[in-house]
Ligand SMILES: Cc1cc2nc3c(=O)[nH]c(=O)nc-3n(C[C@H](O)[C@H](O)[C@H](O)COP(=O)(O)O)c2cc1C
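Next up is one chain by itself, shown in structure tokens, the form predicted on its own.
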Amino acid sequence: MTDHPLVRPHAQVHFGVFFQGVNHTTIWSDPESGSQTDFASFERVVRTAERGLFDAFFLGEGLRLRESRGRLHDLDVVGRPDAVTQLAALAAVTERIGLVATQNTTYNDPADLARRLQSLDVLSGGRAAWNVVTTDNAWTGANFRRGGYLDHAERYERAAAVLRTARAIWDAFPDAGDDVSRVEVAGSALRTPADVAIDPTTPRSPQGHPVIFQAGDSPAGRDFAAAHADVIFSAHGSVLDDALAFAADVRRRVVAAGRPEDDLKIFPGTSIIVGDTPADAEEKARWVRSQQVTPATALSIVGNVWGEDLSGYDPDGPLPAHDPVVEELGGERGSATTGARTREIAQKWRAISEAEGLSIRQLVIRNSGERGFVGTPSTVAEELTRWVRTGAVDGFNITPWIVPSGLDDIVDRVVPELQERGAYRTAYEGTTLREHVGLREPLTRRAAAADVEAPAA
């Protein structure tokens, strides 16, 4: 492994937790697994995270149950309650931890969305964040009677307009007094036929307005984050060289957008598995991955790429000899893979399988095993600290492999190791999410905001 200099020798590790809900990586069939939708599960996870002084509790969005060839995907835990509704309930049982709601800009009205997010921010005392996503596929759009009405190339154009409108609504309320401004928005900015006049209804929170997250990884997504977001949620949380390259690229885009390079914080998604010894941790990791990738799950994942039902194949046998019958992936397995070229994936998988002698299931386990940190609490803490202090990341958004107890080892064993190294807080220093992450004032309340916002108007 390349030895990288510690350019931030005193930086501290920050943690968020991603309660995924819809995926096969949470071992929901284990006897110790709780419900993925009962409030008790969310409450247990958020209370544990807050006990561990995490920055934030993060929820995804599910606007359509996942399907495969017209049938609901029964290998995933299906169904996600609305994130803002869940977080409003969790705000009542927590005091400090941030609350991040994923909400898309394609199927939401900006005035309604701004009101709901600002309401969460006010009611939580300044702990809310909005993870901006741009779902645009017809598969999801059908639930909204809109189909694929928005061209893929226009999704970030509308996202920027929705975000600018939301910020204008939030900023229309003064810090004090009752001089609330009306917000005028050109219809073309929102891709609607008429101009809009909006009367804001919700006052400011202690942090000004919700923190902005962004989760897209395409060049357009990175540019959007560089211009508009406070935190980018990336997929570069497994290989340090890859994470450093991503960080360098994103920071270059941040500077090009007229912002200081440290203005955008980087929180990749990752997983953490710890054991009493290195061998114990490796054995636990192998067990976790074998439980995550059942034979049926392996066939489903490969069948999605090939575009056909492979349930008749032997999961302990080789990949199909023929090429995929579809050109690219749809939205059935989430936006992260939508549009990927299937033959390129199949070619890559065949090369790996042949070189390493892997069956279908072994290949899927291998691919899923590239993510995360495995080791003793001490070695994991050492590695996490190195990632932050080399400048690769600012923190990690952890996905537990089991819910609701999946954070216990991290909070009870890894966090104390980090604290002993001076690489983790020993108490919350502030009350707002913006303070936890170490963010500056919202962009629209800084002089640099004018330079950032004007070109996109």
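On a predicted model such as this, the values are computed, not experimentally measured, just so you know. Heads up: residue numbers just count along the shown sequence, starting at 1.
There is another form of this protein, the form predicted together with this ligand, and it is not shown here; the text below is about that form.
Within 4.5 Å of this ligand in the predicted bound form, a heavy atom is found for all three of G60, D136 and G221.
Figure note: of the listed segments 185 to 193, 253 to 261, 309 to 317, 126 to 134, the one touching this ligand in the predicted bound form, with heavy atoms no more than 4.5 Å away, is 126 to 134. For the chain shown alone, A235 is a contact residue for this ligand in the predicted bound form, at least one non-hydrogen atom being within 4.5 angstroms. Although the partner is absent here, P324 sits far enough away that none of its heavy atoms falls within 4.5 Å of this ligand in the predicted bound form. Though the partner is left out of this view, G216 does reach within 4.5 Å of this ligand in the predicted bound form, counting heavy atoms only. Not displayed here, this ligand is approached by Y156 to within 4.5 Å at the level of heavy atoms in the predicted bound form. The contact residue chosen from R341, R350, R366, H152 relative to this ligand in the predicted bound form is H152, the criterion being a non-hydrogen atom within 4.5 angstroms.
The contact with this ligand in the predicted bound form, taken as any heavy atom within 4.5 Å, belongs to T102 out of T102, Q86, S300, T202.
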